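Just one chain follows, in the form predicted on its own, and it is written as structure tokens.
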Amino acid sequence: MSKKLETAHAGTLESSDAFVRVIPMDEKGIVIELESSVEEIYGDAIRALILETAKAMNVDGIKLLVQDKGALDYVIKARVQTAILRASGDVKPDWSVLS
């Protein structure tokens, strides 16, 4: 995904959900800031899932602010994918990278 990204978000702050905000950066790389009610136990696994999901979508130069309220893995992945798609303005996503 080589499009210029805009700030976007997905999700809610409801229990068992996650709120994800994508903020474009001038620098390369993917920065993850995580707040989670289960961070002490699952923080590393959640960060790995977020990073893996973003890399699979070929994005770079973004900051992902994630507020997790105990969401399951597939919810976090879907919220990250949705926020990145909204940030790219892509209305016809490549479904092969969204599995």
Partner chain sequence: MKQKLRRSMLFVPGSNTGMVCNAFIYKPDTVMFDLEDSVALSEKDSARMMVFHALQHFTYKNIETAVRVNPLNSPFGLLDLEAVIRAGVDIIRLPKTDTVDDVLEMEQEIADIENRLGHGKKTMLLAAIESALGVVNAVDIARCSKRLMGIALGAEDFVRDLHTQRTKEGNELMAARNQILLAARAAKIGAFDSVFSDVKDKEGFMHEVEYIKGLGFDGKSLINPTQIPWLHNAFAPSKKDINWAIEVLEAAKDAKERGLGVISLDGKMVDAPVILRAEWIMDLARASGVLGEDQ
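Worth saying up front: this structure is predicted, and the values here are computed from it rather than measured. Residue numbers count along the first chain shown, from 1.
One more form of this protein exists, namely the form predicted together with its partner chain; it is left out here, but the text below deals with it.
Using a 4.5 angstroms limit between non-hydrogen atoms, R86 touches its partner chain in the model of the complex. In the model of the complex, its partner chain sits within 4.5 Å of a heavy atom belonging to L98. At least one heavy atom of V75 is located within 4.5 Å of its partner chain in the model of the complex.
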